[in-house]
Ligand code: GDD
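Before any questions on binding or motion, here is one chain by itself as structure tokens, the form predicted alone.
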């Protein structure tokens, strides 16, 4: 039985990862959370151990590591909202970088240098990708387009550096856009679906204001993505980094059109300049050759099912 620690356990990805790990069975799971509200609404609070911790405080991180002595760590905790990072880059840097440094330094201080850590970076690190570089492999140069991406570059390289300098067994993953039921507003598919659900119930007028619909992204269902994460700790090469995605790019307009096709009411679309980002990347798509070869993992859930499930999630909650 593996002792597993998941930081940010009550978040979107953490919830799906825990569901998958519980389905596998044989795991002793502890998760960290930051706010009482996230714990109260967490569906697995009676099935795993939960520890409240501010990961930006070294003493609290040390207490978590000392009490759990994990075999595996899935480091998911982060400020992951790109628009929020543009509004408040300083908080984003502290949240994402400080927490990771505290985690690594606690492992070293407590002598737990055999604990394997999956460090979740982001495809946002690649930023403005030249068309000649598509699909994006792990050696594509970084051209970050927002503060969140810069913070994830720092996290990514710290994972590499601590593996090199201290031999910490770290595997890095750069997931491309992963979506699914439970993802909160601030992400494109969830924003669209929530508004459609509100319009269907008459809460909002049947008008949707949108930003750039021409951008193309690589979307994967979060329920597929979390199946990869334990495989990377089992089969990934320590110190290495792996892209994770579908290997296909989809225009945001197609996401919207699919969601609108599920709508029970007619909705008109208007472009809103306020929803345009200061910098937006025209297209990004993953080269998943490396991760497929290392783990055999491939996404299985069709995009249509993912989007229908997201819309049904919001229909049950608005």
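Numbering follows the first chain given and starts at 1. Bear in mind that the values here come from a model prediction, so they are computed numbers and not experimental data.
The discussion below concerns the form predicted in complex with the ligand, not included here.
Peer 1: Let me know the one among 217, 223, 194, 75 whose heavy atoms come within 4.5 Å of the ligand in the predicted complex, would you?
Peer 2: None of the others qualify; the residue that does is 217.
Peer 1: Quick one: from 169, 206, 211, 182, grab the residue that has a heavy atom within 4.5 Å of the ligand in the predicted complex.
Peer 2: Residue within 4.5 Å of the partner: 211.
Peer 1: Pick from 158 to 166, 229 to 237, 115 to 123, 134 to 142: which stretch has non-hydrogen atoms within 4.5 Å of the ligand in the predicted complex?
Peer 2: Among the candidates, contact is made by 115 to 123.
Peer 1: Does the trio 148, 175 and 275 actually contact the ligand in the predicted complex, every residue with a heavy atom within 4.5 Å?
Peer 2: Yes, because 148, 175 and 275 each have a heavy atom that approaches the ligand to within 4.5 Å in the predicted complex.
Peer 1: Find out whether any non-hydrogen atom of residue 54 is located within 4.5 angstroms of the ligand in the predicted complex, and reply yes or no.
Peer 2: Close contact is absent here: in the predicted complex, residue 54 is far from the ligand, nothing within 4.5 Å, heavy atoms only.
Peer 1: Is residue 187 part of the interface with the ligand in the predicted complex - any heavy atom within 4.5 Å?
Peer 2: So residue 187 counts as contacting the ligand.
Peer 1: Does the 4.5 Å heavy atom contact test between residue 252 and the ligand in the predicted complex come out positive?
Peer 2: Within the cut-off, so yes.
Peer 1: Is there any non-hydrogen atom of residue 129 lying within 4.5 Å of the ligand in the predicted complex?
Peer 2: No, residue 129 sits far enough from the ligand in the predicted complex that none of its heavy atoms falls within 4.5 Å.
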